[in-house]
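The chain that follows stands alone, in the form predicted alone, written as structure tokens.
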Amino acid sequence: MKKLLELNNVKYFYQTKESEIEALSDVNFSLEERAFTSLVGPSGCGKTTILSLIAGLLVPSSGEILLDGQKIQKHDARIGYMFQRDHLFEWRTIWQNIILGLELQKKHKDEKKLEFAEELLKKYDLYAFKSKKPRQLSGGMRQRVALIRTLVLEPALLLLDEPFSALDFQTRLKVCDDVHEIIKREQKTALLVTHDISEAISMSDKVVILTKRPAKVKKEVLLNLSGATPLGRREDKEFGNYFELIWRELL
């Protein structure tokens, strides 16, 4: 399968007044096109730093990050970023939130883009709510809106930074299924950062495990589970074995 994203010997140092702190040490991994990958590691090891580097919000101290064979650019438009919170603007309608990125890119009058946005709303059962405000939606629906807002920009790669962490457990399970279905149906490549091992296993084709800071890749675990949805995959008899393997690597 074609590699869409490659991190080659990526290092990153934080500068402080007193010293230089090594956050990442020779990070190497790749994402296959249309695959779903999760990134796990000890708290504070640099998972979100890696996402920021991939998104072009930070620049590696050394090494390179390639997307489809080309170096990542600052604020790279080929990459969509879904944050821990949905960041929907309460004073805007759902439709106005959905097309916010198009407005910022001066593409909000592009008929094809607007038609695509409407298609996504209809496909994922949100069209009836396009005139509502975010406070009128459930937490799960808000996350679907946030994902669709990102997909409207047609990114090649989706970065998800613990997007379910603010949800209660039952809602979280349902939203994992919803988000996974949307990403697979839209044939997107995704990288999820999460501290939840079960979530990583249930959603992913591969889990990349990081060491403590300065982080590097300790192990990559390829997953082979039955079940069409994350919830269904949790019922596979091998699920517990994968959990124990990853948990032991993180200890």
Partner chain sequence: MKKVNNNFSSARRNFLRRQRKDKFFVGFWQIATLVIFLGLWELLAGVGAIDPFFFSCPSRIAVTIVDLAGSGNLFIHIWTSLYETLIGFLIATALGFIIAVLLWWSERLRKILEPYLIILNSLPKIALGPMIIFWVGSGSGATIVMCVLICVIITTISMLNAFIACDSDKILLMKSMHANKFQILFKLIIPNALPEFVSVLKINVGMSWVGTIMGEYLSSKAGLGYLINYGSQILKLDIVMASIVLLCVLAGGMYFLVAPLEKRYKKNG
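Residue numbers count along the first chain shown, from 1. Model, not experiment: these values are computed from the prediction.
There is also a form predicted in complex with its partner chain; it is not shown, and the following applies to it.
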>> Given the stretches 72-80, 119-127, 163-171, 176-184, which is the single one in contact with its partner chain in the predicted bound form, using a heavy atom cutoff of 4.5 Å?
In response: 72-80
>> So, residue 88 and its partner chain: in the predicted bound form, are they within 4.5 Å at any heavy atom pair?
In response: yes
>> Contact with its partner chain in the predicted bound form for residue 113, defined as at least one heavy atom pair within 4.5 Å: yes or no?
In response: no
> Is residue 101 close enough to its partner chain in the predicted bound form to count, meaning some heavy atom within 4.5 Å?
Replying inline: yes
> Taking the shortest heavy atom distance, is residue 109 within 4.5 Å of its partner chain in the predicted bound form?
Replying inline: no
> Ok, 221, 217, 57, 225: which has a heavy atom sitting within 4.5 Å of its partner chain in the predicted bound form?
Replying inline: 57
> Since the partner is left out here, which residues of 146-165 would have a heavy atom within 4.5 Å of its partner chain in the predicted bound form?
Replying inline: 149, 153
